[in-house]
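Only one chain is included here, represented as structure tokens and corresponding to the form predicted on its own.
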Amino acid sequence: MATHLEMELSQLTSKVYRMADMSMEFIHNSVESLKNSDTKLAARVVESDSEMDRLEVEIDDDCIKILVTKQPAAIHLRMVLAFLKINTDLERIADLCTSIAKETLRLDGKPALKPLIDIPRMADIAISMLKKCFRAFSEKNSALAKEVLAMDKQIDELNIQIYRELFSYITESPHIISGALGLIMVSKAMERIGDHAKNIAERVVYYIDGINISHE
């Protein structure tokens, strides 16, 4: 029979996984809204951010309550500490997606400066990173979590590529600065989302192996 601690950890895990699913949906919808000039989808992302904020507070409260009242040890303690940090990373991913959606709203139905190819690729990689993180968590597979670290480099390279391309656009046609800067902001947001996914992978490794690899 499950102990009270195990039941509370199970409920906490369900909430974190729900937040992860929402984060992946945010990434997809925010980039799709920009790609398709879909202001309704963008507005939905912005409106849903408050639900993510509420869930973040709830998860934080649950983690602190478990730490104080149950005083978990060993792997259970690492799970709660990992969830505290993962929770913050997921909430920040949602905030970055909201910024991307707001760029869609700023354009107000007008298409982006150029057809989006690399930014959707960044979104796909980021979603794959998060899926792999939580699969690694479920399977207690730290080797799988470590695979996510290399995937972040792909997002970094695409961000640099987009920056160089848009900067050359600005040099040749200064009148498109606003549109180019908007896409540079979106690309940077996606790069930061990749960083948060990488952070989550590091938290998963800590949970499984008890090793902090963030400074390696």
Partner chain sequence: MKTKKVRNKIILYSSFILIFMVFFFLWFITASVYQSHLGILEKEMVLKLNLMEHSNGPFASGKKAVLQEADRKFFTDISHVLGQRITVVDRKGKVVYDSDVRDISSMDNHRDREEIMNAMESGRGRSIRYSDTLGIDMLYVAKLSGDYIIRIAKPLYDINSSLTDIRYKIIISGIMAGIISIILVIYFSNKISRPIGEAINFAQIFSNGDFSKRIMNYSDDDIGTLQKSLNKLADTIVGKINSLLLEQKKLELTIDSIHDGIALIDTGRWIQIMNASFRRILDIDTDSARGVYFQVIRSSPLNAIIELSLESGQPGCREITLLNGTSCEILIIPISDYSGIQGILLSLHDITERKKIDEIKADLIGNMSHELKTPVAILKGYLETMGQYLGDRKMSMDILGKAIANVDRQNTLINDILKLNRLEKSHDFYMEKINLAEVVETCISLLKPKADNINLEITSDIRDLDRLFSCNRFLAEEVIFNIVDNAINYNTRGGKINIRTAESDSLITLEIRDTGIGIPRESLDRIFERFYRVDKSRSRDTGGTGLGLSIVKHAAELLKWTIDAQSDINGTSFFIRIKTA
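In this text, all values refer to a predicted model and were calculated from it rather than measured experimentally. Numbering follows the first chain given and starts at 1.
Beyond what is shown, the protein has a form predicted in complex with its partner chain; the following relates to that form.
### Query
Looking in the model of the complex, is its partner chain within 4.5 angstroms of a heavy atom from every one of 52, 55 and 91?
None of them does, since no heavy atom lies within 4.5 Å of the partner.
#### Entry: residue 28: touches its partner chain in the model of the complex, heavy atom cutoff 4.5 angstroms
Flag for residue 28 set to yes.
### Query
Can any non-hydrogen atom of residue 127 be found within 4.5 angstroms of its partner chain in the model of the complex?
Flag for residue 127 set to yes.
### Query
Is there a non-hydrogen atom of residue 131 within 4.5 angstroms of a non-hydrogen atom of its partner chain in the model of the complex?
Yes, contact at 4.5 Å.
### Task
Look up in the model of the complex whether residue 21 has a non-hydrogen atom within 4.5 angstroms of its partner chain, and give yes or no.
Yes.
### Query
Quick one: of 114, 85, 135, 102, which gets a non-hydrogen atom within 4.5 angstroms of its partner chain in the model of the complex?
Partner contact (heavy atom, 4.5 Å) among the options: 135.
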